[in-house]
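In the form predicted alone, a lone chain appears below as structure tokens.
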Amino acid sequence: MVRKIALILLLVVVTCSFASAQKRLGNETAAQKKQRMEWWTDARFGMFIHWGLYSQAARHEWVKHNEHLTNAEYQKYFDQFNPDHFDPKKWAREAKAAGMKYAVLTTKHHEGFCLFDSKYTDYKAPNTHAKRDLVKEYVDAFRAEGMKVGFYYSLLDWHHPDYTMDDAHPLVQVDTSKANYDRLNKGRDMAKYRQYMRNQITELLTKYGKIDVLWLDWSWDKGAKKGKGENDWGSVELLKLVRKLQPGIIVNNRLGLTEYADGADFVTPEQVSTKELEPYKGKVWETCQTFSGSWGYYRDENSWKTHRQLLDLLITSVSNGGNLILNVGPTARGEFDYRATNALDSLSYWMHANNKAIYNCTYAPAEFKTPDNTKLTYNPQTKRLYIHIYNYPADGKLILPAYHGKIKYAQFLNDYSELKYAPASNGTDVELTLPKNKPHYEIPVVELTLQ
């Protein structure tokens, strides 16, 4: 009986192991993945760049969808595209100055237009007034500044003749009837489009040297009536191809491969509040956010985030163990909007003084409670704890709860000026004495060297 039970248990273990193996696409260990991802988790801060024909409409990157434009109606943007001020070297300098360590550019967005020279389509930048491969110039410029380079590639394509209808397609926004879907899908072949995607992604991962990040976008909820997911994209084979072409690349989670343990390297909460980032602690993640409410250049939009809001996004991301990638939508002339430049400049000022509280940092160990009106980040390598002061205390006293016996030295991070501290009256807290005048930073940072 005991032997029989042992055999049953062995069979269960083998079966579970087999089932587990079926849910992995490769054989990378957790330690190997951690090493591959290390530069990215250390960097914490990147730049997204959404740029395409929609920059000329200047009223949202989904303008083709929102106004249900046909290819013929959208063609004027292709005919007029002439980014005469495009200077990716300037882009790279601004990103680096703002403290960003990597960048991701839209090589093709949902509109189907390619910024690179693809042999599989005529709908590309070299066939416009630009007359050249804009992706190559981006890669060269950002690499020259020592930044990692990434490519965004839309799985959707509202221009390709074989891309089948779904509930996001511009041509079904007015008439959602089955008859309209059937009429529009006549002659379309999603298998041909899948091959087109594979061909283009192969180009992107073989023509430009080492690519550090691939951002594929996006799969609908599988419960959606007319959405698309892993079978539509051929996601399993596509991810295998990506890993074969660029073994060290980092890939996001929008292929829809949720049932595979290695179907993605990081998750991507988009445009969420700082409060909504807290549940991601302990996961590998990157929140993608805009300076304003739009990803593409939107001339008349005024919902731009303040400097404080941007800092809060960055600090909160790191304090929950994640990355922040902030988006710029260049104008049709190929330069950053003045509002984006102003935002980058403000980040540059803060990051120059306080970037040690961001790079290589994560959430604080559980033993360190967060003082009132602050957020914590922590560098596990140097064992430095960073206190980001959101509301500077009027009396100059910052109470650190249960920190007694845990601090070796305290200073402001921006200038390394010493800060005095002493045990509080209860014997467990620490009272940190701050100067009357707040440092000239929206959110100053205290650095604690721990015992």
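From 1 onward, residues are counted along the sequence shown. Keep in mind the model is a prediction, meaning the values are calculated, not measured.
FYI, the form predicted in complex with a small molecule isn't displayed, but the following is about it.
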Listed residue that, although the small molecule is not shown, lies within 4.5 Å of it in the predicted bound form (heavy atoms), from Phe116, Trp215, Trp233, Trp350: Trp215
Residue among Tyr193, Trp285, Tyr298, Tyr152 with a heavy atom within 4.5 Å of the small molecule in the predicted bound form: Tyr152
Glu61, His110 and Glu270 all contacting the small molecule in the predicted bound form, non-hydrogen atom within 4.5 Å: yes
Stretch in contact in the predicted bound form with the small molecule, which is absent here, among 117-125, 301-309, 215-223, 331-339 (heavy atoms within 4.5 Å): 215-223
Partner contact for His160 in the predicted bound form: the small molecule, 4.5 angstroms, heavy atom: no
Phe45, heavy atom within 4.5 angstroms of the small molecule in the predicted bound form: no
Close approach of Arg254 to the small molecule in the predicted bound form, 4.5 Å, heavy atom: yes
